[in-house]
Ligand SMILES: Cc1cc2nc3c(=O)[nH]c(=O)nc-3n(C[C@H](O)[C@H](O)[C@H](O)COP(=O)(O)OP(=O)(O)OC[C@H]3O[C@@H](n4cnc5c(N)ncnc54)[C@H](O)[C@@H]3O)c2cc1C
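Have a look below at one chain only, the form predicted on its own, in structure tokens format.
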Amino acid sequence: MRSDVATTTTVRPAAILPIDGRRPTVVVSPGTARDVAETLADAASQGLAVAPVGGGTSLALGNPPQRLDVGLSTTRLDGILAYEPTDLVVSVGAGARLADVQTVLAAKGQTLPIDPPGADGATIGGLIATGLAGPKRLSSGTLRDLLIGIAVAHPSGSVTKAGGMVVKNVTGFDLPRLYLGSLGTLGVVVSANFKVLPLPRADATLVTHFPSLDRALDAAQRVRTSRLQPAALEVAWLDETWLAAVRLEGRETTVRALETELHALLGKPDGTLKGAESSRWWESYVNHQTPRSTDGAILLRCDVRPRATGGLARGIVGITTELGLRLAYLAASVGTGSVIARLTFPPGTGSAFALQGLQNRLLAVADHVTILASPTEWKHGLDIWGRPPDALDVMRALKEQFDPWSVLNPGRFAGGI
């Protein structure tokens, strides 16, 4: 890499965890957007492959990289760049950790209403790149709904900006969303702007255990079709039991009234958590969904139309039982169409062939199946993103336009992009 970029810090390769068994030869930590762009241009001129890394919480997500030469850490691109509490907008560096951003916003009674897995260590840029979301997407949406502006560095050596710091700004509004979930294959996010919301004054979670999945789904469906509008509504297999969890947020009087209505609908819950205790429960619950490399477990996400969430959960459990797999964790986000499951093969039976077979079976009951994490050797020869998306040709064209040198995360995205 170029030695004349004084503000680009070179650190030990071991500072970045391996990505599907590969470690970069060098790790750099640029301090400005311009430094990032110059680093990428330098890599393009030398034919090097670059992997952007934020908090490193989701490095297991993606196909194995075709090449990996340079790890580009965003840790120095941190901090709050601009914050207008009265306008409900904030601009942050891509390397800023979500937990730190939330602390600053909370001091003004505001929040980014998202609860992704690994939130303590996840960075803003990483969350944009992976597109991961948590249970609160039922009520608050995802980063896609909050993102209003973005700055991105490209292998051409340029830094492009789209959107702005005004919530009603429409110019370039769709371009920021283009990078959401692209796994860093189109550019390196260096900063992003978001609209923020007032922090709920009260937070309560009601958890009820059930003897079967069907009973838990029936209870959740009653909540979903009622006049209640929970912040999150989940059916889960957790700690060897089925449960339904309902999160309520709002004013104190509103939350108390909703609790009373929920009691009338489902009966008295097994547990009611308030305030910080409620937040901690959900943090622990969603952290089971963090894509991390494991010795033998598989973490996968299946998606269908929201109304079919219950049928999808039943289908996953049925296939798991039929194939003799162990279901360690399942989270069905009722009303969003997403089910996340952690499975393990019987000892000695796991392989790339077995994983491919499982993915194919699940595609019979789901529209999309993404393997969020698995042993590295099982990922070779298959596309962890499932069946090719309808827009694959468009995605390839975008990759060719933004990164014709295939510098950024080559091979890691859908279709081997």
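Keep in mind it's a predicted model, so treat the numbers as computed, not measured. The numbering used is simple: start at 1 and walk along the sequence shown.
This protein has a second form, the form predicted together with the named molecule, left out of what is shown; the following refers to that one.
(request) Could you tell me which one of V53, I371, L40, L68 places a heavy atom within 4.5 Å of the named molecule in the predicted complex? (result) Selected option: V53.
(request) Note which of P230, P116, P176, P155 lies within 4.5 Å of the named molecule in the predicted complex, where distance is taken over heavy atoms; exactly one does. (result) If I apply the 4.5 Å criterion carefully, the residue I get is P116.
(message) Within 4.5 Å, heavy atoms only, one stretch in 234-242, 319-327, 123-131, 254-262 touches the named molecule in the predicted complex. Which?
(response) Selected stretch: 123-131.
(request) Give a yes/no on whether L59 approaches the named molecule to within 4.5 Å in the predicted complex, heavy atoms considered. (result) Contact with the named molecule, yes.
(message) When the contact criterion is heavy atoms within 4.5 Å, does T336 count as touching the named molecule in the predicted complex?
(response) No, T336 sits far enough from the named molecule in the predicted complex that none of its heavy atoms falls within 4.5 Å.
(message) Residue-level question: is L143 within 4.5 Å of the named molecule in the predicted complex, judged on heavy atoms?
(response) Yes, L143 is a contact residue.
(message) So, I340 and the named molecule: in the predicted complex, are they within 4.5 Å at any heavy atom pair?
(response) Yes, I340 sits close enough to the named molecule in the predicted complex that at least one of its heavy atoms falls within 4.5 Å.
(message) Can you list, in sequence order, the residues from 175-199 that come within 4.5 Å of the named molecule in the predicted complex, counting heavy atoms only?
(response) L183, G184, G187, V188, V189 sit within 4.5 Å of the partner.
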